[in-house]
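A lone chain, given as structure tokens: the form predicted alone.
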């Protein structure tokens, strides 16, 4: 079985009694170690799909198996533990806490993990080394460039050694050079450390880093190609 298996996935949002179907029966599998880009125009459902895969949102209908386990049969607590231990997240807006150091930001996910506290500094430092940011450990995020902030966010995503890294428009707030640097890091994590990476982007140049592109239009898969 693939690492991620979704079948006839549907998502409906309700606003003021009006139901809007955002995902309309999506089926695919993602193997361990794949680098997949999910593309589509604004409003196509790509970020909703990423949030469902990352257990940040529930499905309305369909099935989702992660590593053979049925996600919709887990309670919220089990999903939160699963998310923390096996998934890492990188968002367009970085989502770093501005009043604490880069090191303390990277250590945050460890507070909910089974990693012994005495090793937290060492584990976080290794994550920062992996993204080339060990010289910034005592800085607050406000003192970092945009590219450095995103690298700190990747280090935080890495700290629990997750099987999957979900990246939602990770270069959206960066200039092209910083964006390439960030994508180079994600590419290295996939090739060298074998992390599965699932990336949402509308940028064709960013999607080129992936080995497979799933295009979504109006809540359905328009194409699914390896390259």
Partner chain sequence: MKIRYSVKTAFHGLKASKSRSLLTILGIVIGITGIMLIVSIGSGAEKLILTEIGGLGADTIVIRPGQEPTGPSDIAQTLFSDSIKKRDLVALSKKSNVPDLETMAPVVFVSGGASFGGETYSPTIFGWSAEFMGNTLNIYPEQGEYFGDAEISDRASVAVIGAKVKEELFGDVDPLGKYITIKNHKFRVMAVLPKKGQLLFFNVDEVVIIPYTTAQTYITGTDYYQEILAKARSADVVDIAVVDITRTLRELHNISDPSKDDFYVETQQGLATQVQTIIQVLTIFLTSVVAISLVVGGIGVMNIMLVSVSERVKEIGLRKAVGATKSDISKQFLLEAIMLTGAGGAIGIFLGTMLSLLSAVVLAKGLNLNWNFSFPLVGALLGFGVSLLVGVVFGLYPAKKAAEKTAIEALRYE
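Numbering follows the first chain given and starts at 1. Everything numeric here is computed off the predicted structure, so don't read it as measured data.
Missing here is the form predicted together with the partner chain; even so, the following discussion is about that form.
Of the residues 108, 74, 144, 130, just one reaches the partner chain in the model of the complex with a heavy atom at 4.5 Å or closer; this is 108. Comparing 189 to 197, 54 to 62, 175 to 183, 25 to 33 against the partner chain in the model of the complex, the single stretch with non-hydrogen atoms within 4.5 angstroms of it is 54 to 62. Contact check for 114, 117 and 156: all three have a heavy atom within 4.5 Å of the partner chain in the model of the complex. In the model of the complex, residue 139 stays away from the partner chain, with no heavy atom inside 4.5 Å. Contact between residue 125 and the partner chain in the model of the complex is not found at the 4.5 Å heavy atom cutoff.
The partner chain in the model of the complex is approached by residue 84, whose closest heavy atom lies within 4.5 angstroms of it. The partner chain is not drawn, but in the model of the complex it has no heavy atom within 4.5 Å of residue 135.
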